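In the block that follows, a single chain appears as structure tokens, in the form predicted on its own.
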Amino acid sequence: MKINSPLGEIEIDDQKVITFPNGLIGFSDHKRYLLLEGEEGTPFWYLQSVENEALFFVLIDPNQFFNDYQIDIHKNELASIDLEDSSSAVVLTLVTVPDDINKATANLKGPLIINPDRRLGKQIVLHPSPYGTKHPLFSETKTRGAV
């Protein structure tokens, strides 16, 4: 099966689909996604819905931008995606990209946790948390010629 996404024509390999049993926050009706690498040399990933070809999200590995980003994932959250410990989890965060990419922000409070072996994912909300939903990706010094 192929879909025509804003990212282009994408072949859907059911073996690579990641299921978010509860969907993402605000998108609970969409549960099946593909994780796609961004353009070569960029830190971005895409989470493309296979149920709605117009729906995709931009993601990053938060540790590439925020060196001190650490989260505690409750065992119940891990168990819901068949993980026993967080060391096996893939943690990604949603990015909001306005017209000016230099003003892009990351939602560090609501990361996506993925079990790559079972291809299950979940968006969690960290509470309490020192993180918010709009952390700038690029500081003023980084925007001058960086990424």
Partner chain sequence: MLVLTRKANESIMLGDDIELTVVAIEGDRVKVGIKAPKDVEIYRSEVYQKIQKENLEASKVSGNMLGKLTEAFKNNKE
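Residue numbers count along the first chain shown, from 1. Just so it is clear, the model here is predicted, and its values are computed rather than measured.
As for the form predicted in complex with the partner chain, it is not shown, yet the points below apply to it.
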With a 4.5 Å heavy atom cut-off, would you call Phe27 a contact of the partner chain in the model of the complex?
yes
At 4.5 Å between heavy atoms, is Lys16 in contact with the partner chain in the model of the complex?
no
Distance check, Tyr46 to the partner chain in the model of the complex, heavy atom within 4.5 Å:
yes
Would you classify Val58 as touching the partner chain in the model of the complex, given a 4.5 Å non-hydrogen atom cut-off?
yes
Of the residues Glu37, Asp68, Asp117, Asp99, which one places a heavy atom within 4.5 Å of the partner chain in the model of the complex?
Asp99
In the model of the complex, which of the listed residues (Asn63, Ser88, Thr42, Asn52) lies with a heavy atom within 4.5 Å of the partner chain?
Thr42
What are the residues of 1 to 20, in order along the chain, with a heavy atom within 4.5 Å of the partner chain in the model of the complex?
Pro6, Leu7
